[in-house]
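Laid out below as structure tokens are two forms of one and the same protein chain, each shown alone and named structure 1 and structure 2.
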Structure 1
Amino acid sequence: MVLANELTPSVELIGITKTYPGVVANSDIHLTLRPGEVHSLLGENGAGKSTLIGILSGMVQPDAGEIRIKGETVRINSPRDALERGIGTVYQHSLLVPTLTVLDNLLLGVDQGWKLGRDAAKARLQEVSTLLDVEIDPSSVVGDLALGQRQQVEIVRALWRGEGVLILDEPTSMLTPQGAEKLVQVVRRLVSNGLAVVFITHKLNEALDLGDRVTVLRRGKIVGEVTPAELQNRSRAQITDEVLKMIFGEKSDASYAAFASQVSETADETFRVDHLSVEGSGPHPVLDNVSFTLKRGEILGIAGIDGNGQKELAEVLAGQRHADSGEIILDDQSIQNLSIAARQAKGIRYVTDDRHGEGTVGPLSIALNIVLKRVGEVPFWRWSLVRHSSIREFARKLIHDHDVRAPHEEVAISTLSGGNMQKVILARELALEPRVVVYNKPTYGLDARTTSLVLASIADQAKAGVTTVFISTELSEIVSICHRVAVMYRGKLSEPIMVRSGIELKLGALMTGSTTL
């Protein structure tokens, strides 16, 4: 490491500034990436992390500042320029073509010539995926993959193409603990060969474990740094404390509390799922005889590696997907044949993990996105006329209550940072007075403070009698708010068990299918 510091830096960002209407996303940023070093970049939602790495990867043009690569001043006008200089990027939000196969996505842009080297690419993909210990069928269409699998494809692509610098913007947000662990090992090995890595995450432990150096951004400015020497010589607790203060300012309080409360023994059973099955084209069914029963106010955690049927289960519950057999019962009435809208009217809500695709309408304002599911309802509509003033007022309130970082409620939702977009989606659903909510990875991409705020509101809602299905790959979150937990593996849901401390190991084993209950 000491030796590495004496080499020419791989990348120097000097005085980078970028403003958007109403926000300074980056303000006079100086950042140096060294070969053989993992540089963790931390900061709350909207701090400007993605913008900064967007500038390095050619996606965003800075207003001012200089970029040097290996000591030489360069202009990076497009992602192509960045790739040609050996900078590979995993973007925060999937940038794959959903209609193409995995293999074609990997070949896209590389091979500009007439004939595609598909066979050579297949061999190469095999190599990289063995390295990462992931299983990706090169001929599957990306649009059919779960978000976690897509993220793996992106990581494979970045490793494939980033020869000098690897940028990872929240690469682990969709991975399981095991997947993240594997990625950490691979990154370590690559770094020892001289790669420079930027690693963005909201998981502090990950950042400190993997990072040789840490930089913290807040509201577009660098507010603090932890050097390799400090990282090695001071205690983890001390550093954690300091970094949290840097991220959130002095008033930080981002520790997880245990939110779970007891479900009353006498609460009535409100929501039952009976033998739900969905056939699939693969070797095993998408949903295989899934059953569970929930009491009023109960939170059921569903753990599992992404792509084992969790999303499909959520979609069946919400009415977006047809089940081949089985039944869903709310208050002794089957809702199996009800439409999405009818289920919503009965108080069933679904918070998707696909914030770009299904969750929001990008070009519309935050305010309109917030009332998207309430078109025609009083007080936002009256006599079929839209009432912008009350929509805006309501949006302002939610933006304030949920601490969404946005210039105002009329900006297009697509301009928000990933985490802030997620806050808007959650604010919308939580404001809808639901009876049963299905959350699919609600905290992904949220910073620690917002995560605990969201978990607290889910727990509060449950106390007020809302029945909740909480799908997550984060075992720590499941353990902190759920009453019972079940594991999904290849479309099968295990018998739900009571949550108690120390259960994580057992869940981990169930998730990989290495044991059954």
Structure 2
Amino acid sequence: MVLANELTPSVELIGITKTYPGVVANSDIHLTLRPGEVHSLLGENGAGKSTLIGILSGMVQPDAGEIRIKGETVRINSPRDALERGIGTVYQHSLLVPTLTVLDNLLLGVDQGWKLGRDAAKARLQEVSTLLDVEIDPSSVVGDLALGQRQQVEIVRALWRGEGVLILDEPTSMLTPQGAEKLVQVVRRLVSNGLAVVFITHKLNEALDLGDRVTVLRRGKIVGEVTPAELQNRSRAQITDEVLKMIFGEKSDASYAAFASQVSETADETFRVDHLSVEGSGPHPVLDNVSFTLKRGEILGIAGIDGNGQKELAEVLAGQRHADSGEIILDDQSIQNLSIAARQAKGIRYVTDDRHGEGTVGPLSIALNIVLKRVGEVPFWRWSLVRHSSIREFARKLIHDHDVRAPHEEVAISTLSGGNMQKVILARELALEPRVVVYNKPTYGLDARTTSLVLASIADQAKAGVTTVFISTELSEIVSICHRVAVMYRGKLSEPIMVRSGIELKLGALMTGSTTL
């Protein structure tokens, strides 16, 4: 690692403050990004990480404070301005156009001169690829690339204009263990060449493994930092305990493990899927002869890289998508042809991964979002009249029980952080007396504490007899909460196996196309 403390800082944030109506997102932030250093940034949902990164990347303008790049005071007016100043960002959600080639994606939005110089662009791609120590074919269509390869292209694009600061926002959330390891190698190569890397993650071990320095935000303020010397000289247990206290306060309930209780061998078979298939427009079926059986109170984990049919399976089970063939059986009765409402009446619940576009109605209040699936029902409606007091009372109880951080139940749900929005969705679905719940990445983008609360809630429901399909890209969560696990790859579902210690790498192999455990 370059001796970062002897060099001019790549970026300095001095007294950065940003407020929104009713919320202080960042309060007097002082942060230094040093060349040759990975700076891990931790904090709960709503701690202010996204706003801070928005300011660094030119998406958000601060209300107060100063930004210095290599000692010079600047104003970052836009994302393009940030790129031209050598600050590139790789976001949680890919910004690549899947139907275009790698080179065309890299040329999108650049100056006219670049558009006319494809040879020069190929040379720049080769230059950055060499820096990363990866091979990227400029003529490959992005949609045909594996997720890890797409992320490499995102990093290339972030470094396209210059190599000063690279911001990685939850970069391993969709990667296999093998893909995550490759990313670590890429990051280490970048810092050895003098880049400053900001590594945003909700995974504490990941932050400590990769970070040369760790900064913690809580409620818009920096509450602590772990220096390189401390990371080298103190035990992992000591640092972990200290960081958890920074994130959550003195009393932390952020850890979770082995939530799942044993399922009785005599438990009734509750839910069965037989040979479900859905044709697709590509070379492979969206769902290809998917079958599994679940007992009452069992949690089945379904792992896989996004785009291999998990979302489509969840939508078919919930009734949002029609299967071309196969059966879905609940208590020995087919529900295959039932509507969404009819399935809900039988106790089928679905927690979508699209909390903004599908799970909520942004302009409506938290209270109204909580009763969206109970329109017309007593006690919230009576004689076709809305009973606002009953809705508000019910919403306040769920907000309290599920620790939703919101000023009150009448604020628009779109004003909440992603984690708090997810808590509202879970509260709504689990309050409807579920019998079978299908979760599609219920903890995606959540901090460690919120993840712990969500998983504990799912486990408690299972102990009470709720049957669960738990779709996730987080193998650590699947192993800790599920009784059995299967992997989806190109629409096929592997044979479910009992969860056991040390199966993560084998599951990772299945996620990339291996046919054996």
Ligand SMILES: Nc1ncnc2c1ncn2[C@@H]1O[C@H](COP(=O)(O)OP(=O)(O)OP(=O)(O)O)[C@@H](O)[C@H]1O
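Note that the structure is predicted; figures quoted are calculated from it, not measured. Reference numbering: structure 1, starting with residue 1. We call the rigid core whatever largest set of C-alpha positions still superposes within 1.5 Å between the two forms.
Structure 1 derives from the form predicted in complex with the named molecule, whereas structure 2 comes from the other one.
Superposition of the core reveals a Cα shift of less than 2 Å for residue 460 between structure 1 and structure 2. Once the cores line up, the CA of residue 199 ends up 2 angstroms or more apart between structure 1 and structure 2.
A displacement of less than 2 angstroms separates the C-alpha positions of residue 292 between structure 1 and structure 2, with the rigid core held in common.
In the rigid-core superposition between structure 1 and structure 2, residue position residue 232 carries a C-alpha shift of 4.1 Å. Per-residue C-alpha deviation between structure 1 and structure 2, core superposed: residue 147, 11.4 Å.
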